[in-house]
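In the form predicted alone, a lone chain appears below as structure tokens.
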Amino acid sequence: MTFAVDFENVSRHFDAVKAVDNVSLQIEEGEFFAMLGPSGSGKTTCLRLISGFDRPTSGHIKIFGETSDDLPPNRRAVNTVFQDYALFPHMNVRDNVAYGLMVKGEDKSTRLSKADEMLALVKLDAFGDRKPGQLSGGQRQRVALARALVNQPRVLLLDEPLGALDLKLREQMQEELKSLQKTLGITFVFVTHDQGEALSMADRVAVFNEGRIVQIGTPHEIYEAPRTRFVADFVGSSNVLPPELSARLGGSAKWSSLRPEAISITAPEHAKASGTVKSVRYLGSVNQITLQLDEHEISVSSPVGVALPVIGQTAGLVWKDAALHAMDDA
């Protein structure tokens, strides 16, 4: 099977720093694939390796079956949308979008016509004569998308393109990006440190830490069945329980994950465990309750409207058996 992107034991070292350390992964054609991890985890370096702006120290990268180690960026079937958008401030929006076609030597009428098609696709067809400085952050992001897409890449690389937007606009753009990817049917590779973005948009997610991939799976698999303590703690909120506590609560004698929203407060006599309520915090859609179980703290997310326990009182905890998920010890 030919993959859109295929990493074969790829490493990228900067002197003693292993930015990418023996990474292997396959991204399928037409897939929305997210690389998720904290700063310095290697995800952006992987994106640069795909684009050709950097080269691997060892290993190989194939793009649609073609080994691309020595291919310059302009000969790869990929385009990149950068975090800062990198628009030319002195050009209007239409000319910004058409710039790549101009570099390729397409005639003016053809490239401007294609630019207008892309602007219509990203719902900016009425903004072609404006300068980037006259646009909002979300509009500039769409211009950057149109500029990348007008070159008809087979893989679109997105380097944290929503990071500069406010929360409401970021959520709106998440929906629009996913819809656009489905419409175009091309491969999107999306780099982010925001687990909400990755879970809401991606078909599959690769979680990075210290230059390595620690888990690849669907958003549901990553969230509901984390393999390691790092994944459980980084992707969403989780009660990461040591082996002895997990066994005491009816699980395996392994490090285990118990999501706060999977736990309900109940009377101690009906509970799987009970503890002393330390704090109750209102977070809008939920109340965050912290309880002390011996030397361990347990966090519970309780829907607003459910009766709350009193700080200092003993409260019971109950959850479905499957919610207590055993992990690797790594």
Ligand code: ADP
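Sequential numbering from 1, following the sequence displayed. None of the values given here were measured: they were computed from a predicted structure.
The following text describes the form predicted together with the named molecule, which does not appear among the structures shown.
None of Gly65, Pro38, Gly30, Pro303 but one reaches within 4.5 angstroms of the named molecule in the predicted bound form through a heavy atom, and that residue is Pro38.
Listed residues Leu25, Ala19, Ala315, Val318 were compared with the named molecule in the predicted bound form; Ala19 is the one with a heavy atom within 4.5 Å.
Checking 260-268, 283-291, 57-65, 44-52 against the named molecule in the predicted bound form, the stretch whose residues place heavy atoms within 4.5 Å of it is 44-52.
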